[in-house]
Every structure is written in C-alpha cells, then in structure tokens.
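Here's a solo chain for you in structure tokens, the form predicted alone.
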C-alpha cells in the first residue's frame, strides 16, 4: 500500500473553500486497498471536515501540535485537542516549523505527546543542503535518533518518517529516484542500527519535496518507499488525482 499525505499548509483562506477542496478530494478515485489518503488541513478546519466525513478512505492529520499537554501556552494546540477533532495523525518537525526555531528536543517531546494521545506521528526530517563531506548524513541520522529516543519497540508501527530535504521544498525539480532511494536506505539502516530489524520493518517511510503529477510515478517506483508527502499538489484535485492514480498503479 502507498500512503499519500496532503499538507494544505495555511491554505485555503476560508472554510467554504476548504470544504469545497475536500469535497473534490473525496471524489478522487483510488483503490482503497492500495492507496491510503491522509489530509492535513489547517487546525481550525479539522473538526468540521473530519466530523462531517462519513467515509473511511481518508484520514486526517494536524500540521503540528504543542510539546505541552495543557496550561498557559497561548496559540498552541495540544495532542489531546487534535485527537478530539477526529484526527489520527500529526506532522511533527516540518522544515517550516524548524525554521521558526523548533529544535530536536521540541520534536522529541511532541512525538511522545502524540503517541500518548493516540496520534500517529509523521516525523519530518531532512538536510538543508548536500555537502561533499557527507555531513548531511550525520544530520539525518541525528534527527531520526533524537526524535525516536526512548520510544518503545511496539510503537514503531505508529511511526512514519517523512524524508523531505529542505533544499527540495518548493523547488522546480525533485531529486531523482536514485537519490531518493539512497536516502530511504539510509533511513532504514539508521532504524535497524539503533532500534532493530523489527522496528525498521514496522516504520513507514515517505518522501516529500516537490512531488507533483509529473514525477510521482518515478518516486512511487523507489524500492522500500511507502508513499509521499505533498504540499502544493494537494491543493489541486486534478493533480492530486494523477498522483493517487500513480500510487495505485505502482502499489503491490
């Protein structure tokens, strides 16, 4: 099965537009046994969209949560509050959150909060640039091991790692399939080295960064890749449908 996570980011501007976009997304034909759809709208739209949805083909994710459970944290949203909207997943550590000052300690705390609230964490990792000395490999391994520190082996089935190199977000072209595969292998090796074979096999890995209707088929063909995290293309039902079709046709 292939997973497609659509991150709407701070779009669209109104709930009427969000509902219209979701209605169009619902109509996208997929083979539910081959394709899993997860939509991450802005927080204020989550409850009405999820509670109004009677189907089972689409699940919902928040774009972030607080590292705290409750208290004096103006503007924050807790994992429990997100779970109460009907959401099943949450994106943690997205590059745009890291750019605002979120650090590895914050991300680890949020992963723990998500699991405690019965949310499935989608942990975004990725280097800001490639260097000739391979320091970016150390960066990616550190991001993984810090985020997952102390996580019980039984919880890895709830974990998704989203490899999304910062330099590819919003870029004209995504890395080619070979480059994506090399990083998938790195993520899996890191999981196996630190947490064992069972944890590695239980963890899902998706790729994000300039995924579109033109390159989706090549990316879905990458061995051991479980899906994609998409931004702009998730706001266009026609492009999203093309990506979903590519997922279904390449899924085994």
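Numbering follows the first chain given and starts at 1. This one's a predicted model, so the numbers in the text were calculated from it and none came from an experiment.
Missing here is the form predicted in complex with a small molecule; even so, the following discussion is about that form.
Of these, 46, 191, 39, 211, which has a heavy atom no more than 4.5 Å from the small molecule in the model of the complex? Selected option: 211.
Want to guess which of 203-211, 64-72, 51-59, 26-34 is within 4.5 Å of the small molecule in the model of the complex, heavy atoms only? Of the stretches listed, the one contacting the partner is 203-211.
Is the gap between residue 232 and the small molecule in the model of the complex 4.5 Å or less for some heavy atom pair? Residue 232: yes, in contact with the small molecule in the model of the complex.
Heavy atom of residue 169 within 4.5 Å of the small molecule in the model of the complex: Yes.
4.5 angstroms heavy atom contact with the small molecule in the model of the complex for residue 20: So residue 20 does not count as contacting the small molecule.
Even though the small molecule is not shown here, does residue 110 get within 4.5 Å of it in the model of the complex, heavy atoms only? Result no; residue 110 lies far from the small molecule in the model of the complex.
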